[in-house]
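One chain comes next, on its own, written out as structure tokens in the form predicted on its own.
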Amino acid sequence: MDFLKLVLQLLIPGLCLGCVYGLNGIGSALLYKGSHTINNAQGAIVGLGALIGYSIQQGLKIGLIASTAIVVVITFFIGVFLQVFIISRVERRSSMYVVIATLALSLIISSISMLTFGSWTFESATIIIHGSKYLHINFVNVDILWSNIIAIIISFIAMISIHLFLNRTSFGMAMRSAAMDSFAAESCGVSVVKTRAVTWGIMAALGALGGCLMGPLFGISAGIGIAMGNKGNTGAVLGGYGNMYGAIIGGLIIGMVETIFGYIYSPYQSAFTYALFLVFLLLLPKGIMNEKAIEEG
């Protein structure tokens, strides 16, 4: 019974972390697949989205789910704005410039977040069901945060929604065709400019969604997104950089590894995670889904 209790105490938070990393990894995978560029600003966008969510909670006096829905819409348009007015102009010169530009954007967004909200960690709203923050499982006598359970459910809904959007809608299939061959897609009437703008919007929205869902677990601060963005990218590499489904698998692996090793010895929790990342780069560079992590040539 004690073993089952320990498993549940590690499994639920690990799945929650993994789902959030998977959301970030999906965005990174979609972007790389479509334009072979890396967004260094993703972590800063995650942090900004979480802080906007906290401000909406306080200003409108609404709960976590409602504020998160609003933030997802806001950050989608932030992502579209960044791509249309900054990234699209930079990538005409070189994809390497995009990497540098997104690094600059990361610093700018992080600085704006710090100046606006300070360095404090804010307490996010939690999900309360039947008057309690916890789901009590009687037969093992363990309490699980409802916020973690709902975060897992919402994350999987978001992942399934992205899958259906890409595979069952005309615009989603246009995004896939533009990702495979932008020149051929344009010759068939697909607007690559629009598909890349929407890709950036989805990436920003997924990151902010993850940041808001993690608020009840770690609190909300200007720096919350950096680690999440990095580990989302790490999960994407484990799964096979550029493969959306690999990013989900990689994110879940990272979340479980971090939770288990954090229980064993928390001071080196992140060290174990990045050590696993290096092992994959050395032994399995194409990731679990056998996807090219780096463009060769």
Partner chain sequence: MRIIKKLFVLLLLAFVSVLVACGSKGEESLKIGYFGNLPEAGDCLVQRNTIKLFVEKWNKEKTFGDVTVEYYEYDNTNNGAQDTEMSIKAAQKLINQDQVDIIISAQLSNIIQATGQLINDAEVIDIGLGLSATWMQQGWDYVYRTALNNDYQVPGMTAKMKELNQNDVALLYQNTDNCLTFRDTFKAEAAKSGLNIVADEMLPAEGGTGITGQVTKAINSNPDCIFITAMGGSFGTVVKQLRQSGYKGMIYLGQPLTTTEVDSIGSEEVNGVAMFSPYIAYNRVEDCKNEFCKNVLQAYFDKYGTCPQTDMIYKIWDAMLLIENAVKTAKSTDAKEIQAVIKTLKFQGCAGTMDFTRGSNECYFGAQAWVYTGQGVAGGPTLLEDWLKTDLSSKVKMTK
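Rigid core here is just the name for the largest C-alpha set that superposes within 1.5 Å across the two forms. In this text the structure is predicted, and so the values were computed from the model without any measurement. Positions refer to the first chain, counted from 1.
Below, we turn to the form predicted in complex with the partner chain, even though it does not appear here.
- Contact between residue 264 and the partner chain in the predicted complex is found at the 4.5 Å heavy atom cutoff.
- Using a 4.5 angstroms limit between non-hydrogen atoms, residue 145 touches the partner chain in the predicted complex.
- Under a 4.5 angstroms non-hydrogen atom cutoff, the partner chain in the predicted complex lacks residue 76 among its neighbouring residues.
- In the predicted complex, the partner chain sits within 4.5 Å of a heavy atom belonging to residue 216.
- Stretch 216-224 is the contacting one of 150-158, 199-207, 216-224, 78-86, since its residues have non-hydrogen atoms within 4.5 Å of the partner chain in the predicted complex.
- Contact annotation: of the candidates 132, 95, 121, 141, the single residue with a non-hydrogen atom within 4.5 angstroms of the partner chain in the predicted complex is 121.
- In the core-superposed comparison between this form and the one not shown, the C-alpha atom of residue 58 has shifted by less than 2 angstroms.
- Here residue 260 does not count as shifted, since its C-alpha moves by less than 2 Å between this form and the one not shown after the core is aligned.
- Relative to the superposed core, residue 271 undergoes a C-alpha shift of no less than 2 Å between this form and the one not shown.
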